[in-house]
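Presented as structure tokens, the chain that follows is alone, the form predicted on its own.
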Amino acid sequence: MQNILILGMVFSTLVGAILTLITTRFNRLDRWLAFGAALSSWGCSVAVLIQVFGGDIQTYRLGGYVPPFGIVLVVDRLAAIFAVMAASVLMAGFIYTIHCHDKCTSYPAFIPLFLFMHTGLMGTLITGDLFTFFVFMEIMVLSSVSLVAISDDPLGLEAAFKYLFISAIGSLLLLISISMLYASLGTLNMADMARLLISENPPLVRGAALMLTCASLLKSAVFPFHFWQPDFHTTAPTPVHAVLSSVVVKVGIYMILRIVTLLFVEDAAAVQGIFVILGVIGVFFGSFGALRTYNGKRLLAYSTIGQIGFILLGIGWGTPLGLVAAIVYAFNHAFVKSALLMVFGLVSSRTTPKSADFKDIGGAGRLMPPIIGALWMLGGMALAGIPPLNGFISKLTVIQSGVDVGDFLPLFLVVFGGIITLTYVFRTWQHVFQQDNPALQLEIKSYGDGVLAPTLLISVCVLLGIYARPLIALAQLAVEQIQDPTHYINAVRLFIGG
């Protein structure tokens, strides 16, 4: 099966990046070209999602070579859900960028780098072999590091260097694990690895599994691998931060799901208990970090650490309902977090210091159109899990999966952690949107264009809260498929020599 739409998911933005390098002199033109490329990628992702849930797993063999000797792109139900999530948020990011007032967005390198990050992100989700996953991961990392380095924030360059060195550790772990697996199994194709590991367990495999898991946890900023995230995300330009904290961190979550359901199924039970512990710690660490921070964007960066903890709990419990909860939570969180970051970008970009520090933006929301405050309140309620928004559905599925397992202590702890989320959401609302600050001066700029992207994202949050059944049904079908690795293995149609 050669589905050309799969190529469009990745290479439409790669072509767009090349075209925008040519049109850098025309600032508005390259932004609209970028949006067109992102829209094309989103359209291909949605079309493949429909095909995957209406039929078989979709594949594309690059160069026509038969796996495992050639590179194959594979989209099953899990990959399709994550790809649509990523493409939707990235498209909103480009809409926001078109009318963004951050100075760095006008630099010639910004749009091409943003598109390269899009390409790397989508590639990691649909590649069928580990080395190509590593390549796409590095494209995504180097692009995001460069985008943070050219940020308007004076600390952006320092944060970029910090993450570059820390990410190098994760990349080294990933590369060593790939080398160990290749030395043990003689293949890099994930379907072929899964086929061989059903009957074999070479000595190096468990060490490779540990390294691959640690690399994935680092990329997702899971406690205790989180230390790079607050500085790196806080200093990023708003459109980039909206993507980093919502979908880029989900690449590690996606790989963890592949580890426990495809590659190392026999060893999954040994690490899932650790995931539950790390998830609980992450919920509290992220929530208390957000509660004590001094900066709106930093608050949301710490919040991501806590929200990833909820996702890790579902994976750790490992039941079908737990995996459904993890997928639903990952999907819903992406829309909530990106919308909130865009709202904060609208607020901070209108202040004279262009800062998201609470001392600089206290009372700023009170001087802005009511829709901006309404968007923050709706997004904050979704993040805290208040009905009828999609965050409530996310937390409800996690609670149901915990009750199903009977693991009540972690469940009680994370419910309490959700209350902390509500605390810092309302504290921020009061400080930014209700406080009276007569001395504050805002720049007069149009709000209409910048509000479009967060409004679209919040609309999705409302829709997925009121009408949650389709997403839950898709997640259930995805879990049914990934719990039997033979579906993935057979879809790739490996050449097995005699």
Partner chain sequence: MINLITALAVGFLFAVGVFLMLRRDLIKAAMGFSVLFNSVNLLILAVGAFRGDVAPFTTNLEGGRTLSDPLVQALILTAIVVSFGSYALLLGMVSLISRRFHTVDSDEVVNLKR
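These figures come from a predicted structure and were not determined experimentally. Positions refer to the first chain, counted from 1.
Another form, the form predicted together with the partner chain, is not on view; read the next lines as being about it.
Only one of Tyr424, Phe264, Phe134, Phe223 comes within 4.5 Å of the partner chain in the predicted bound form through a heavy atom, and that residue is Phe134.
Only one of Ala268, Ile371, Leu164, Ile399 comes within 4.5 Å of the partner chain in the predicted bound form through a heavy atom, and that residue is Leu164. Though the partner is left out of this view, Glu138 does reach within 4.5 Å of the partner chain in the predicted bound form, counting heavy atoms only.
Proximity of Leu142 to the partner chain in the predicted bound form falls within the 4.5 Å heavy atom cutoff. In the predicted bound form, the partner chain lies within 4.5 Å of some heavy atom of Tyr182. The closest heavy atom approach of Val403 to the partner chain in the predicted bound form falls outside 4.5 Å. Heavy atoms within 4.5 Å of the partner chain in the predicted bound form are found in one stretch of 338-346, 360-368, 385-393, 156-164, which is 156-164.
Along 164-200, residues Leu164, Phe165, Ala168, Ile169, Ser171, Leu172, Leu175, Ile176, Ser179, Tyr182, Ala183, Leu188 each place a heavy atom within 4.5 Å of the partner chain in the predicted bound form.
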